[in-house]
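Here you get one chain, nothing else, as structure tokens; it is the form predicted alone.
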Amino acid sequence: MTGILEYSFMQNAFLAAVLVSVACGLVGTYVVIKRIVFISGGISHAAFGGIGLGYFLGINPIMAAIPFSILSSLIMGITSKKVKISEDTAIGILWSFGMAIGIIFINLTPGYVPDLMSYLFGSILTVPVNDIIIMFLLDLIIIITVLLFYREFQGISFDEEFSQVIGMPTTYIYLLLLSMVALSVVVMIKVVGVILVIALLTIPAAIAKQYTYKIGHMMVLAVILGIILTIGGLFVSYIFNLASGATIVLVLSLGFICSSVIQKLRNAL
């Protein structure tokens, strides 16, 4: 089993698993507590527009997805707060727009797009060193932002109305949180893809929430669970020659089911 670590692509895959687990553990905790899973899904699908733009411009699709995802998150946040339409309607429109414009850009790109499926469904086994570096830098930005705005994020996650009453700029903090979600989505795209990224963003934090309500503890536990389950899914996909992104999500889902069963048994006893 340890022999597979001799391959450079497996070493990159393990590094990617750790990096995405840090992002999904920190930001996913706020996503679960504030119940913005749907808007996070909208951001992840809108990010596909950035992937298509990257192919069209001939640059790294991950680099193009960063500003595109942040812009999409800000538009969703502002629209849900300021425009007189329901939040789910605004998210659904931008969700569809991002996917559609991504497909248009790819169709306009001359030649064959070789690794498009890896951005849709993930391919942790093919993550290059350049993307590892980008993921690491994005993780640093997420960690620093969470540390600097820990109390503000905590305030709007538990009681946004009270935070606004005491003078906190809740709208700007909320938009900053959505920007962190956007960066997390970009970190995870190569691992599980645009289609499945929402699972990695929410499941580790959802499991952690079953054992503690303290945000700091939830973050640490979510990161640890993310690393264990993501690497476990990576091993399973390698051994049985399965799609890596889908297998990781399957292992995450089984982990959540097992944890829920254990909690019910504990409560029954």
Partner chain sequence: MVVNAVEINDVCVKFNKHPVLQDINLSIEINDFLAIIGPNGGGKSTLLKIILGLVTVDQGEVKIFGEDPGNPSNPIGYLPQHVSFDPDFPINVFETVLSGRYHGFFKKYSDEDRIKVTDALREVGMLEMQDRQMSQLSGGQMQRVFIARAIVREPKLLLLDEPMASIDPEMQNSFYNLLLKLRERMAIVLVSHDVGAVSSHVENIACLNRKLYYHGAVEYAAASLEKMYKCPIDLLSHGIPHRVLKKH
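Being a predicted model, the structure only gives us computed values, none of them experimental. Positions refer to the first chain, counted from 1.
What follows is about the form predicted together with the partner chain, which we do not show.
Although the partner chain is omitted here, in the model of the complex none of 63, 103 and 121 has a heavy atom within 4.5 Å of it. Taking non-hydrogen atoms only, residue 159 approaches the partner chain to within 4.5 angstroms in the model of the complex. Among residues of the shown chain, residue 82 is not one whose heavy atoms approach the partner chain to within 4.5 Å in the model of the complex. For the chain shown alone, residue 149 is a contact residue for the partner chain in the model of the complex, at least one non-hydrogen atom being within 4.5 angstroms. When the partner chain is considered in the model of the complex, residue 173 lines it closely, a heavy atom lying within 4.5 Å.
Here the chain stands alone, but in the model of the complex its contact with the partner chain, taken as any heavy atom within 4.5 Å, falls in 32 to 40 among 53 to 61, 233 to 241, 32 to 40, 220 to 228. Site annotation in the model of the complex: the residue of 117, 129, 165, 143 reaching within 4.5 Å of the partner chain with a heavy atom is 165.
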